[in-house]
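Heads up, the chain below is alone and in the form predicted alone; it's given as structure tokens.
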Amino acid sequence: MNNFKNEQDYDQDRFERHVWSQQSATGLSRRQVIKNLAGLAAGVATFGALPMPTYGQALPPIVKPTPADKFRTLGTNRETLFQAFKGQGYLTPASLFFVRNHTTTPRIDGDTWSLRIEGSGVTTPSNFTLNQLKALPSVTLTRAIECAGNGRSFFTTQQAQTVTGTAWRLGAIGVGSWTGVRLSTLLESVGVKQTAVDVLPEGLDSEVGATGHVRRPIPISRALADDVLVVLRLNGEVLPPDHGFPARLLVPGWIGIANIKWLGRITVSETPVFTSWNTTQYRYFGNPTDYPGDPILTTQTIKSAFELPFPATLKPGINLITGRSWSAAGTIARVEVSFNNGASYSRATLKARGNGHQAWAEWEIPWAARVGNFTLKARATDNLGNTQPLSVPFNTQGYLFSAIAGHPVTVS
């Protein structure tokens, strides 16, 4: 029996064995097999799926107001400007939460919506209405949701490496209080089989070209964990349209794409599931030395950001510099700040509130600023000893940048 360090190793092993078997059977190259597997998401029908209805009409592309003093517009996405978090409290208000849309935000009628759970891995395929989900025992967790590409722009600006994808700085993250039903509760109610391997949640947003609806499989072991929720409320309020109404998935610590919005169907399979979202995307490509086998992305990393405009202009004298740091692995143990581009660091003070598991910590440090141009840096360490590095290995799609990010400041 194999011993795997974590679910990512297990997931990667399953994928590699499947690719190898396809290469042997077809004679195709490894890369061609991977490309072909991306098209197998349409094979959801092979799991005995019923046709999934399309609900409502799409609103282009974001429903909530996203004013320029609080958000950056990046195509169909909105990045929260990090200075907007200052003074907002520990939780990210829904109005300030970043928006990652592959197409547009759909408007869904909660009265006619239902969540379908089906597939070869369950004995009793069933539909759950919104009222039925509300009637089940609920759980509330405070956790971060963060896009896998958060910090991507620093590959280019800081490491001089060309990457593809949305050029996020560090604002593609938010920490919310999420209330919903454990996914395990729903899976058990439909008779999840011991032979189940993968769970495929699928969104109701518009189809993304030939790749179809956004859907990314997760291993059954992760799906059955107590912290994986079908979420109905954010910060005590009904989920807003841009953030998944009527229901979304919460997979704490995992990259944003795992937290599927606008859930319409969950397919449980007895065989590994492949879509474009775990074959041609959300993998480490282009660096066989650091990432042999193009491994699949699962968990997020550790980061820090200043609650300052980018770039910032400050007055000379004492400035109280504030920021936030977070880790997908646990809580933040310490944060150190440099005002001289990393030549030396001083320890920041962590605020008493918050600093939750897989959420973030707020911190502050005074700076006696003199006139000039400076690069500020913040370096976090979590309770497991993970520390932000000086640089991260390259990957072509610019995922999981966790290095210490320089923040330009002019004092005048």
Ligand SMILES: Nc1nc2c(c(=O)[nH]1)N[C@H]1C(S)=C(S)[C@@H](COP(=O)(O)O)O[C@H]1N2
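Here the structure is a predicted model, which means the values were calculated and not measured. Residue positions are given as counts along the sequence shown, with the first one as 1.
Not pictured, yet referred to below: the form predicted in complex with the ligand.
The putative spot formed by Arg324, Gly354 and Ala359 is not touched by the ligand in the predicted complex; no residue has a non-hydrogen atom within 4.5 angstroms of it. Within this chain, Asn259 lines the site of the ligand in the predicted complex, having a heavy atom no more than 4.5 Å away. Not displayed here, the ligand is approached by Phe98 to within 4.5 Å at the level of heavy atoms in the predicted complex. Although the partner is absent here, Gly203 lies within 4.5 Å of the ligand in the predicted complex, judged by heavy atoms.
Remark: Arg265 does not count among the residues lining the ligand in the predicted complex, judged by a heavy atom distance of 4.5 Å or less. Tyr282 is the sole member of Tyr282, Phe154, Phe82, Phe128 with a non-hydrogen atom within 4.5 Å of the ligand in the predicted complex. Only one of Val273, Val214, Leu115, Ile302 lies close to the ligand in the predicted complex, with a heavy atom inside 4.5 Å, and it is Val214. In plain terms, the part of the chain that comes close to the ligand in the predicted complex, with a heavy atom within 4.5 Å, is 248-256 out of 248-256, 313-321, 154-162, 180-188.
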